[in-house]
Structures are given as C-alpha cells and as structure tokens.
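Encoded as structure tokens, the following chain is the form predicted on its own, with no partner shown.
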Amino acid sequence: MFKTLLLGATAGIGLAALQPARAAAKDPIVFVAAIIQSGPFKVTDAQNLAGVQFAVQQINKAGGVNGHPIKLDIIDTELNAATTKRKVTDAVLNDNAKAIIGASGSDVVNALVAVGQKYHVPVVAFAGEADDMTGARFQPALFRVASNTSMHASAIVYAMQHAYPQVKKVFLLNEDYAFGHESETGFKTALKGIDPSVEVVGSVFHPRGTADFSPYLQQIQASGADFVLTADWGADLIKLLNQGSSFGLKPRIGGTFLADPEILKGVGNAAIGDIGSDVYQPTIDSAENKAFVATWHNAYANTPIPWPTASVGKSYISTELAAIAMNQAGSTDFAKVEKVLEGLHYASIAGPLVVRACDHQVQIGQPTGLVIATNNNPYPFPFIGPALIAPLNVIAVAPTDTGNPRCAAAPNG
C-alpha cells in the first residue's frame, strides 16, 4: 500500500533545534509523506519528496526524534482525495505513523486532515492553500507551512506593484475548484488593499487538467489587460505559459507557483519578466539559506534536482517542524506536540517564522522574484532572480478576518 524508506545519516547540515543522540538505539518513528507519484502533476511532487527525504536524513543525523530514527512511508496520493484517505489511514493503523507530511491539492490535504483529526496525528502541510482550511473549516490536526491563498495572492500583487507600477488592468485566470475560486477572491482582495487603482477586466475559471488554453488566451487579449494573475500550478501552468508564448500573449504573468524550475526550464526566454512567489526561494539572500543551498547542491548536484526549489524548501521546513515539536515535547503524543507547535518561533531556511496559535497557519514574509535571463542563477535557463520579500505586515490575514472562531476569540493570534 505504501513504500517504506528508512533514511540514515548522510552528509549535510545539522539541525541545531534537534538534540543530538544515537538515533539507531531506539525503534523508528514513522512519518508519512503524501506525494503525487503518478499522473501529469507528479513532476512538482518529486521536489516535495526530495525535500522531505533530505530533512529526514538531517534529522536522523542529528539524533532523530528523542533518539528514535524516522522511518518514512511514502504514499502516492494520485491527486485523489478518497485514495489518499484510504492509504494514509492504512499507514496510521498498520504502521503506527505519528506524523503526516503533505500534500499537493487542497482537497487532498483535507483528506489528510480528516485522518489526522480522527486518529490524533499531526498533519504538517507544505501545500494545499485554501483559506478555509485554517479558517472556517479549521481542524486542530492541521499545521500549515504553505501560505494560504490570501497571503500568496498578496505577495504576487505586492511584487507586481514593485516591478510593474504602470499596470492598470489585470485579468484573473484560475482553476475551477475550491483553491482556484479562493485564489480569485484573494487576488481581488489584495488588489483593493495594495493597489486599488488597478482594474480587474476579466476573470475566468478553467478545469484542472485543461489541454487547450486558447479560448482563455483569446479572452485575455480581448480584455485589454496588461497583466495576468493566476494560481494555476503543475501541468496546467506549464501549458498556460507554453501556449501563451505560442499565442503571442502580450501581458506578463504573475503566478503563485511560477517559481519552479520544472515550470521554467520548458518555457525558456518567454518567461522572462514574469513573476513568481512562494514561502521559500533558493535566491533568498541570507547566510542560513546560502548554507542550505550549498549543502543541497553538494549532495544533489548530479540529480534531476541539483538545486533546492520552492517545493523542496517548504517540504523540508514542514518535516523539520514536526520533528522539532516532538523533540521539544519529548513525545509523539498529539496534545503535547500541538501545545509546542502553537506559537512556535523558528529560524528556518526561509527566514524567521511563527506558527500562529489560533489557526496553526505559519506566519512568514514571502519571497517573490522576477524571472530573469539565465546567468546560472542557479539554473542554465531563465529563473527567479534576487528575492524581494513581501513583508508579513502586508500579506498577513488578521486573525479576526480568517473566519476561524478560535481566532475571533484570540484577536492577537
């Protein structure tokens, strides 16, 4: 039902927050990695899996979780909520999994949370950004490292305003499911708050897995828009960019998931000038991140992921947080782990972050960047340039605006 991988110590950076011990002296603790391993969207999740695996290697090298090594169970979500729920339940009941790390697709994360909530297992999410997951439909089992849709949309609008202050008309293009609809709302709210002079001249939803974007591209051109905002991801974003280039799409694109080498390497020069953003970027200019990037490259230089990516960084941080909380709690008991995570401050590779207590949403400024011509920065094709950090005070959703009853009762988070 799932693949099992016991990761031992390998060369890499140590995790100062983990207490050193001999990890091999005790029975392993099982973490589940919920990853797309089949179908057209699997290319992005290969990076997520690599980030989880690398984190587990470093955690085990540093002593594991209270002296226990982590054993990683890898399940293929197939980007299907029902399938994911069945497989993760099996991992919890039959392999005694104590943490769930995942997953791409808000509907899939909701399936993970249903299992985590029922069996008291923390779910640390590196993706799945729908606002209501930490808002009106909040469940205590979920701790989200990924931004919510509102934060991510605000980061892109912030970057657009700085890179293209002349933009006055935008077109919104998003996938036709819960996340896409919330993203549209997030973009509209961000525009009103950050640059209310910009007019939304069109908004369209398309099915996830769309093959032909030409009808939407025609609508964009006809609208007179001078910028496109999209939360498309994976195979859909690749097709949008490639078909947009062939179509001669004039407006530049701001994509919440555009800062992905798997996306950009197949688009080439046509992506120069577009904007990407995510919780982590390898171009963050900090000593901690530079050390991480160098260590990753030393270990993965001859692999398909020679440099860390946004997905690598988020999945790495997610796995770290689960282990750090268990170490500080001295236990894998959910109630004790939850108590540690709520309000936890951590100096991550993406910068200082805090897990907000009322909704378990990680609060962190978000790096954005303009796609620039290649200069091996670090890839041999156009990639995100120096990171412009969208500050937390610009992108954060106030606790009282989340729709989460716990946050309404704790207005300071």
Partner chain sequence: MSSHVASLLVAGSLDALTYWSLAFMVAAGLTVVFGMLGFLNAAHTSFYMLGGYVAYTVAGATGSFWAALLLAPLLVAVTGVILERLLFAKLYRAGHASQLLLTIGLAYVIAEASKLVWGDSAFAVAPPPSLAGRITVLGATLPVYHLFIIGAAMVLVCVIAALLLGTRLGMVIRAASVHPEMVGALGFKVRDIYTLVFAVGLYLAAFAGVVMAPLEGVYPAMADDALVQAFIVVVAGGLGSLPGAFIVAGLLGLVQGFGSVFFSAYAMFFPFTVLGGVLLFRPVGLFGAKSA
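Only the largest set of C-alpha atoms that superpose within 1.5 Å between the two forms is called the rigid core. Numbering follows the first chain given and starts at 1. Everything quoted here is computed from the prediction, not taken from an experiment.
The same protein has a further form, the form predicted in complex with its partner chain, not shown here; the description that follows concerns it.
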How about residue 235: is it within 4.5 Å of its partner chain in the predicted bound form, going by heavy atoms?
yes
Report yes if any heavy atom of residue 286 sits within 4.5 Å of a heavy atom of its partner chain in the predicted bound form; otherwise report no.
no
Would you check, heavy atoms only and a 4.5 Å threshold, whether residue 43 touches its partner chain in the predicted bound form?
yes
Non-hydrogen atom contact residue 204 with its partner chain in the predicted bound form at 4.5 angstroms:
yes
All of 243, 248 and 262 with a heavy atom within 4.5 Å of its partner chain in the predicted bound form
yes
With a 4.5 Å heavy atom cut-off to its partner chain in the predicted bound form, the contacting stretch among 306-314, 215-223, 145-153, 287-295 is 215-223
Between 39, 67, 386, 378, only one gets a heavy atom within 4.5 angstroms of its partner chain in the predicted bound form; which residue is that?
39
Please identify the residue among 266, 140, 330, 273 with any heavy atom within 4.5 Å of its partner chain in the predicted bound form.
266
Does residue 333 show a Cα shift reaching 2 Å between the shown form and the other one after rigid-core superposition?
no
Did residue 224 shift 2 Å or more between the shown form and the other one, C-alpha, core superposed:
yes
Is residue 210 one of the residues whose C-alpha moves 2 Å or more between the shown form and the other one after the core fit?
yes
